[in-house]
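Take a look at this one chain, the form predicted on its own, written out in structure tokens.
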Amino acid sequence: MTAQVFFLAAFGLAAVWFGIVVFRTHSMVRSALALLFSQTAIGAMFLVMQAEFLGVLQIMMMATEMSIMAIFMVMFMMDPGGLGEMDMKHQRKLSLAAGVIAFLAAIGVSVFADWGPAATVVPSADEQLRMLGIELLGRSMLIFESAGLTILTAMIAATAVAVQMPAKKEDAS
């Protein structure tokens, strides 16, 4: 067994474990941190598979996203520390059924889909990065810019809702 396979399996198991921890904790902040660790482990899997750009991008995006999520949870949750009893599992039977169906569908697709032949020629890392840049700056640019603007608008709106406005003083005249 090579070191690459070992680390790929280790990070994969860590991602699954922290994904389970997300639903096992009583704290929204701990849940956000567990999700951050799970997604970071997936980023590490990309790094192990020598997809450096995707790995670093995954880790950077998830660190920012989960940090913002934890901050907003502390601002809006009544008990962000999880000291009170809180159950993170909602609609257990429906979610279990949906999870089992999705798992079986994913297994079915992975086993029975015609994936076509394996790539015989793989472009160099420089060429892959150049093609990714052309894709991002070409037809996908509007989608990424729209998503970024939407997320920024939502963050500003959430902050505006959270900020308490000072009470107006009535004129005594």
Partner chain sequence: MSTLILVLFLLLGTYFVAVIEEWSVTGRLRPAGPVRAALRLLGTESVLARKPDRLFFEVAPVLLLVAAILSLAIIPLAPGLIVTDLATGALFFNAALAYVLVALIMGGWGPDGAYAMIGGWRFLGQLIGYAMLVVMPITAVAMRSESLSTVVIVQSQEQLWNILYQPLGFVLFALAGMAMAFVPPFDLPTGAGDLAGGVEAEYTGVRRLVFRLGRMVLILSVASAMTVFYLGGWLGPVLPGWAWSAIKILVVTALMLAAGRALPRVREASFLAWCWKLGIPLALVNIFLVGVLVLVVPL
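Residue numbers count along the first chain shown, from 1. Note that the structure is a prediction, hence the values are computed from the model and not measured. The term rigid core refers to the most C-alpha atoms you can superpose between the two forms while keeping them within 1.5 Å.
Absent from the display: the form predicted together with the partner chain. The rest refers to it.
Asker: Taking heavy atoms and a 4.5 Å limit, what residues of 34-64 are near the partner chain in the predicted bound form?
Answerer: Residues within 4.5 Å: Leu36, Phe37, Thr40, Glu52, Phe53, Val56, Leu57, Ile59, Met60, Ala63, Thr64.
Asker: Is it true that Ala125 shifts between the shown form and the other one by 2 Å or more at the Cα, once the core is aligned?
Answerer: Yes.
Asker: Please state whether Leu137 has a C-alpha shift of 2 Å or more between the shown form and the other one, with the rigid core used for the fit.
Answerer: It does, since the Leu137 C-alpha is displaced 2 Å or more between the shown form and the other one after the core fit.
Asker: In the predicted bound form, the Cα separation between Ala44 and Pro123 changes by 3 Å or more relative to the shown form; did it shrink or grow?
Answerer: Closer together, which means the C-alphas of Ala44 and Pro123 are at least 3 Å nearer in the predicted bound form.
Asker: Would one find the Cα atoms of Pro123 and Glu52 closer or farther in the predicted bound form than in this form, where their distance changes by 3 Å or more?
Answerer: Here the pair is farther apart than in the predicted bound form; there, closer.
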